[in-house]
Ligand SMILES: Nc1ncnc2c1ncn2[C@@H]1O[C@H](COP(=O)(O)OP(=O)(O)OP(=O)(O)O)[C@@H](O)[C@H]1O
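One chain is shown next in structure tokens, namely the form predicted on its own.
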Amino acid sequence: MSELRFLGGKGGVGKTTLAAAIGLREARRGLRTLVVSTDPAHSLGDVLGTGLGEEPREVVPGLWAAEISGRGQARRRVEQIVADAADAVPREVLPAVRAHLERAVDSPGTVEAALLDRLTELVERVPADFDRLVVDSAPTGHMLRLLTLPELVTPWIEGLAGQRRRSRDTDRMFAGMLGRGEETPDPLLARLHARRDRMAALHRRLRTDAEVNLVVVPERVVWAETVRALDVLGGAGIAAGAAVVNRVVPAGETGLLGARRVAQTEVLDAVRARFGATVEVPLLPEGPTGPDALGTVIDILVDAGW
């Protein structure tokens, strides 16, 4: 299993249950495992049967879990920026700066960037603090955006750093003309370089240490979205592992379930042909809740060789 594993797919296909089951499976193998949810509509705590927050907490021996929020991270960043600005801007201007930044928290771009920063922090803790990181991702579009952002953000940050360097060069030129040649550190340029390096490192790890398992229910609309996701992942150089086909109606059913099984067959054939390796989870009476109930799903994963 890869050090970093993402469970992705259309909303409602069962990503959270499978992420929790995979996390428990790894923990029972003796690996320090962290399962995190990046979905704004968190349900990881519900599946594990416990309350979760931003910081990882140990749910059972060897398994930690957290529900991370881009909005919460953005708010903490605003507080940090305001604190830094207190020494750099006039006191009377500070309330306007705070108000502007607080409005920016509601911007999708701000939330995405903050969520990416938080995910980066957790990735950097593998393997020092955790052997495995399992991510219960938001629905497909959000997950793909999050996974491809590091590659997109890195050159943008480098562009900002270049502008800052040119500005510093101009300042030094005028300082020399005025006889003030003393060089002073530039904390903004240092931060830009640090952020660029972190994004570049995350991009490399996503290409070398990460694997995405797309979760599918055997329906045509869901499969069509999955195929598009595969194309995006391939273009980004991120590995797509075995597909997990959830809620498969067992063979031999009759009546309504039998008719549904017939409808599923075409999609099942397409998934097997495209992926080769698949894990098929049968339709269960209800979604398992709590570590003990997740044992059923874990047994299925083990039988499939996970």
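Residue numbers here begin at 1 and follow the sequence given. Because the structure is a prediction, the values reported are computed rather than measured.
Here the subject shifts to the form predicted in complex with this ligand, a form of this protein not shown in this document.
Across the options 22 to 30, 255 to 263, 63 to 71, 39 to 47, residues that bring heavy atoms within 4.5 Å of this ligand in the predicted bound form belong to 39 to 47. The shortest heavy atom separation between residue 274 and this ligand in the predicted bound form exceeds 4.5 Å. Contact between residue 57 and this ligand in the predicted bound form is not found at the 4.5 Å heavy atom cutoff. Using a 4.5 angstroms limit between non-hydrogen atoms, residue 283 touches this ligand in the predicted bound form. Taking non-hydrogen atoms only, residue 290 never approaches this ligand to within 4.5 angstroms in the predicted bound form.
In sequence order, 10, 11, 12, 13, 14, 15, 16, 17 are the residues of 2 to 19 having a heavy atom within 4.5 Å of this ligand in the predicted bound form; the partner itself is omitted from this view.
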